[in-house]
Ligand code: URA
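Just the one chain here, the form predicted alone, laid out as structure tokens.
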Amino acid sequence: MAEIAAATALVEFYREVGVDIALGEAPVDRFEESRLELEARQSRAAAAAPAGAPRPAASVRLPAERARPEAQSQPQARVAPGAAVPSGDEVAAAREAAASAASLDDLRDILARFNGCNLKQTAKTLVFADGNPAARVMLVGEAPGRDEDEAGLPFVGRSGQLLDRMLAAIGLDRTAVYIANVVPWRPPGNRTPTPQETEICKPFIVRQIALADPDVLVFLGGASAAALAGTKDGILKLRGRWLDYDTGSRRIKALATLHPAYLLRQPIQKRLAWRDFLSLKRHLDEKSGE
């Protein structure tokens, strides 16, 4: 009975944190799978192209250390159609697409059509934003989870409920803030987005911030701070510190704080987040009084 209870508790834990895929015992090199799939797509495109047409760009080459003999000997799982490690050209295409958006609605439509990020193949919905796009405060997290993927809105699960309470404690709600993520599609099993996934999605959140043009930007967690502010400091060192962020048209204040998901795991650290939110409130009050 003890073994059954332990197994049940483990499954409940997996369900709670959003794990919804099973992994095999043998390791699988997903980068190698993506590279092979990209090469296959390029080969098919080259075969279908008219004679004399430009050849597709060369496939992405991964660092030599990833081509491990033991990884090559493992059976390869099937990759979702279209999954690929983004190349420099694809990142450039993402930047061009994001820059073409004249409004937040345009940007949402462009993202809905964008197929350059492999996460779109496994996510149910595009999680673009929630709240008031004309708000003075914009909060940016890392990526949506299971609940957000279901609802198509950021921060609606347990982390979002905690965030709502934190905002309410300083007199704010979702009508007074604008909320988004660096990555707008849920990674499978709520895993951390890869650097490649973050890089190809980054132009869109940068453009989203520029179009929303808030007075204050709040980084929810170290991942969003690293992606947008370029800082290498850990969140416990960075939190509470006011930074400058260039929207492209002006410089605004940015504040890093602890991610609500982290606070659910480490409730004792809520006191630090509370200090950060009080600092945010003071800044907003000071600016309102000017």
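So that there is no doubt, residue numbering starts at 1 and follows the sequence shown. Please read these numbers as outputs of a predicted model, since none were measured by experiment.
There is another form of this protein, the form predicted together with ligand URA, and it is not shown here; the text below is about that form.
Contact annotation: His259 falls within 4.5 Å of ligand URA in the predicted complex, judged by heavy atom distances. In the predicted complex, ligand URA stays beyond 4.5 Å of every heavy atom belonging to Phe219.
When ligand URA is considered in the predicted complex, Ser159 lines it closely, a heavy atom lying within 4.5 Å.
Among heavy atoms of Trp185, none comes within 4.5 Å of ligand URA in the predicted complex. Put simply, of Glu142, Asp130, Glu90, Glu197 only one has a heavy atom within 4.5 Å of ligand URA in the predicted complex, and it is Glu142. Considering ligand URA in the predicted complex, the lone stretch of 151 to 159, 205 to 213, 130 to 138, 104 to 112 in range is 151 to 159 [heavy atom distance within 4.5 Å]. Annotation for 193 to 213: no interface residues with ligand URA in the predicted complex [heavy atom within 4.5 Å].
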